[in-house]
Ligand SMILES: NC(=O)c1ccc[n+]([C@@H]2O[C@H](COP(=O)([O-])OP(=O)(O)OC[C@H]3O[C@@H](n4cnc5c(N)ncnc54)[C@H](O)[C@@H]3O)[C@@H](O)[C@H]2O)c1
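In the form predicted alone, a lone chain appears below as structure tokens.
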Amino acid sequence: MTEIAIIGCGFVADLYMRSFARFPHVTLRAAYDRDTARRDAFCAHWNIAPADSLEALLSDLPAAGLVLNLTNPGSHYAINMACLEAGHHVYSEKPLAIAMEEAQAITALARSQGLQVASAPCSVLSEAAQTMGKALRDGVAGTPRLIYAELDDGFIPQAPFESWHSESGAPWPAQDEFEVGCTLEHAGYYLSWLIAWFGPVKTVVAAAAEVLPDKSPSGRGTPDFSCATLFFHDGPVVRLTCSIVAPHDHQIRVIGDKGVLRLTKAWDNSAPVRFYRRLRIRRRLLESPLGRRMRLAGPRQPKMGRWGAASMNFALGPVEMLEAIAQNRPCRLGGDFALHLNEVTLAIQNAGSDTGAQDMTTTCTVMEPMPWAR
């Protein structure tokens, strides 16, 4: 099976389509959006058959097909359930659901139906994340003791986002971004890496706040800043920040006994990973100013063009899922992994100012590296 159907033809759908151009063996069968004008513009631009309804799209797709749920987050639960009930595998944009009970219902239905459900983001499958994972397994920096991960995007409400449009003309979804919140939208980019490397988070100690109360035209606010300390069952302590207020910073630093592994561009699939050895010079302890670049021996992934600060291949997750289905194995981003990622993300998003320590109820295993990164 190499055919995929799309539900939701907004801004991110174009990024998926541009990514699928790197995988010519994958066929986009049809697309549906409840906004018929948006659907028609998207389908005309990409030469895809438009589906007249959600029911038509799901019934026309061959049994146990793969559906990409690219709708707005508030619709994820209903669409994911509808796809599974129709007998199809689902790859959902993040988050899998905006309530944990909904995420659990989705994964339970998938198991009962013998289907797979997975969740974005898929940058953990990228060359950058896999390179850092290999460096960690090889002990390049020694035992990792502490990790700082930053997903701060700058003062986005003052950015000219009204002029941001996708290839087929979809506007950047400002209302969703401001009302769903930067933690639900973005924390997964580094959380997925960390959970893939170290396994499940045991305890989350977080705080979240809305420091820009007037950013959404509707007046409905949500946290636009969060800071979490993550304690893993087997791994280092992590500090993770998300905001659309603080100056742009997308770096991750793994501080180990021998030095620091560092990557500065979370949204660049081919961002360089460098190791900075720790030096003792006279009476000072310093990190080497010249980082040694980490490289994989395996093949490089196809490079993507750029939009804004991103250079990501959004197709990596769906393509890996297609391979998993064909090989009759669980995909890397699905099942327990997706559910645990959802729980940790929600714990940070909903922390408020006085939640305190939260023990996670879900678990997962360390992710198997991509074959070319072992």
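When you see a residue number, it is the position in the sequence shown, counting from 1. None of these values were measured; they are calculated from a predicted model.
Not on display, but discussed next: the form predicted together with the named molecule.
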*What stretch, of 164 to 172, 83 to 91, 130 to 138, 107 to 115, brings heavy atoms to within 4.5 Å of the named molecule in the predicted complex?*
164 to 172
_Even though the partner isn't displayed, in the predicted complex is Phe275 close enough to the named molecule, meaning a heavy atom within 4.5 Å?_
no
*Do Leu70 and the named molecule share at least one heavy atom pair within 4.5 Å in the predicted complex?*
yes
*asked:* Taking the named molecule as it sits in the predicted complex, is Ile7 in contact with it (heavy atom to heavy atom, 4.5 Å or less)?
replied: yes
*the named molecule contact in the predicted complex: Ser75, any heavy atom under 4.5 Å*: yes
_Please determine whether each residue of Tyr190, Phe231 and Asp249 possesses a non-hydrogen atom within 4.5 angstroms of the named molecule in the predicted complex._
no
*Looking at His340, Arg29, Arg38, Arg332, which has any heavy atom no more than 4.5 Å from the named molecule in the predicted complex?*
Arg38
*Contacts with the named molecule in the predicted complex, stretch 53 to 69 (heavy atom within 4.5 Å)*: none
